[in-house]
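We begin with a single chain expressed as structure tokens, specifically the form predicted on its own.
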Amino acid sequence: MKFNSIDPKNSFADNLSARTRSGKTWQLMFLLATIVAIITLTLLMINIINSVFGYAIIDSKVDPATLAVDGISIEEQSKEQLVELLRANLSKGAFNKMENEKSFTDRSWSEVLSVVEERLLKFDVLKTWNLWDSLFKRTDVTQEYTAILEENPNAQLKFISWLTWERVVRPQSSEPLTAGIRTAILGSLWTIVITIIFAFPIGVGAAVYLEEYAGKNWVNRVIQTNINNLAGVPSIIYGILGLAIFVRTLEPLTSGSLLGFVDPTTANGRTVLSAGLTLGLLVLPLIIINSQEAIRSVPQSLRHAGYGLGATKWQITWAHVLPNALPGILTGTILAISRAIGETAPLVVVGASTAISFDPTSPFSKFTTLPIQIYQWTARPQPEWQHLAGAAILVLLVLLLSLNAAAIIARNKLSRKF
């Protein structure tokens, strides 16, 4: 009987060559995927920036010189003078309506100036161009401006940045040139703070119980399966849940009437508190799952060493498990909160306002958020609102990166502390 002999050296060399080729192929694929991702993000940022800057033809239905008081332009007038200007030029009903929404005494100078520009000057945007056309098609821009100037002699051609500090600190408005983002920024911050306060301790507590105390039984497996399923539920379902629980069932609490903060006859549950609690439900499964993975990654030897020294389970959990799992827990929380910042559908269902001119000042205030504002502006047909949406997108990205950076710094400091 003959056996075919196999040369071990040749077999190893052939196998090593095949593995090397396979490794290089996968390395190339990963590199291509990274390049595609970078190109996609770069094109996205270029498209956003392209819409934020550019020429615009602006016409004012009222000459600003006619609103000057003793030769002082509206930009140089005091807040009291601007308020008297509004009182003199608006109807009593319109003035009182704005006073009821937010007293002029509580409004800043920039807010009052924004109202004057919106209600009295009534700027009108006749034509806009993006940054690319403004830089490389200047001749076409000039020709169109000349044609428009024949019908609108007061029209002006200006190079506009739709993202300025004044626009960031101004409240919302129905006019694109005076519309601001401050109200939406404050609404997003209020909502996220409530989300973190609600979801983080509950999520970490649930993860600690499931990993350290619940044990391996069928009840724990059922709970774990449902948590994993909840992480994949569409966000609008959480909006419907929030509408049923927080807006309607818990309306006395979420409106503030139970605590005496608002008039019970006018209160409703469509507040910042309802939005924050709804987003808390949305991110809660993600925080639980990520916290469980972080706790599970802590070596069992640390627990055994604690037991060997006579420590209780809670002492081991508090002094050893949680400090070592904290970086992973905070990383998962950062990812969950990043998702919550960009959510729109559940907030629309809960009752976020698309047009609101006053800032949220408490958990029981009416609100809007940056994603809601961006959606509302992009839905409008006028191009100037789409330029504003691009500016709001940049603000949202800066806000998101700032919050993530603050969370990462806190995570690193806590990790070094423990």
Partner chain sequence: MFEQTVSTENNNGFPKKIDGLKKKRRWSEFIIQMSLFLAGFFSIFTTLGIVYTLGKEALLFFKRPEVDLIEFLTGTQWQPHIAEFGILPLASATLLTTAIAMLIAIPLGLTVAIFLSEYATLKMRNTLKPILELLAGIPTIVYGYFALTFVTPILRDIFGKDVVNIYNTSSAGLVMGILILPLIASVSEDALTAVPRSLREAAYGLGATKNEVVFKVVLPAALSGISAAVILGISRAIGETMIVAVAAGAGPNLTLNPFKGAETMTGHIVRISSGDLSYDSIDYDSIFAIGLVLFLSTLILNIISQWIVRRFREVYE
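No experiment lies behind these values; they were computed from the predicted model shown. Positions refer to the first chain, counted from 1. Rigid core: the largest C-alpha set superposing within 1.5 Å between the two forms.
In what follows, reference is made to the form predicted in complex with its partner chain, a form of this protein that is not presented.
Student: When you measure heavy atoms, are 105, 159 and 403 every one within 4.5 angstroms of its partner chain in the model of the complex?
Tutor: Per the other structure, none of 105, 159 and 403 touch its partner chain.
Student: Just one of 313, 97, 296, 122 has a heavy atom within 4.5 Å of its partner chain in the model of the complex. Which one?
Tutor: Filtering the options by heavy-atom distance leaves 313.
Student: If you check 365, 357, 60, 386 against its partner chain in the model of the complex, which one has a heavy atom within 4.5 Å?
Tutor: Only one option qualifies, and that one is 386.
Student: Looking at 247 to 255, 149 to 157, 162 to 170, 82 to 90, which lies within 4.5 angstroms of its partner chain in the model of the complex, counting heavy atoms?
Tutor: So the stretch in question is 247 to 255.
Student: Do residue 286 and its partner chain share at least one heavy atom pair within 4.5 Å in the model of the complex?
Tutor: So residue 286 does not count as contacting its partner chain.
Student: Classify residue 268 as contacting or not contacting its partner chain in the model of the complex by the rule of any non-hydrogen atom within 4.5 angstroms, answering yes or no.
Tutor: Residue 268: yes, in contact with its partner chain in the model of the complex.
Student: Test of understanding: in the model of the complex, would residue 397 fall inside 4.5 Å of its partner chain by heavy atoms?
Tutor: Looking in the model of the complex, residue contacts with its partner chain include residue 397, since a heavy atom lies within 4.5 Å.
Student: Taking 4.5 angstroms as the cut-off for heavy atoms, does residue 190 touch its partner chain in the model of the complex?
Tutor: Judged by the heavy-atom cut-off of 4.5 Å, residue 190 is well away from its partner chain in the model of the complex.
Student: Select from 26 to 48 the residues with a non-hydrogen atom within 4.5 Å of its partner chain in the model of the complex and write them out in sequence order.
Tutor: Those in contact are 26, 27, 29, 30, 31, 33, 34, 36, 37, 38, 40, 41, 43, 44, 47, 48.
Student: Relative to the superposed rigid core, does the CA atom of residue 34 travel 2 Å or more between this form and the one not shown?
Tutor: The answer is yes, as the C-alpha of residue 34 shifts between this form and the one not shown by 2 Å or more after core alignment.
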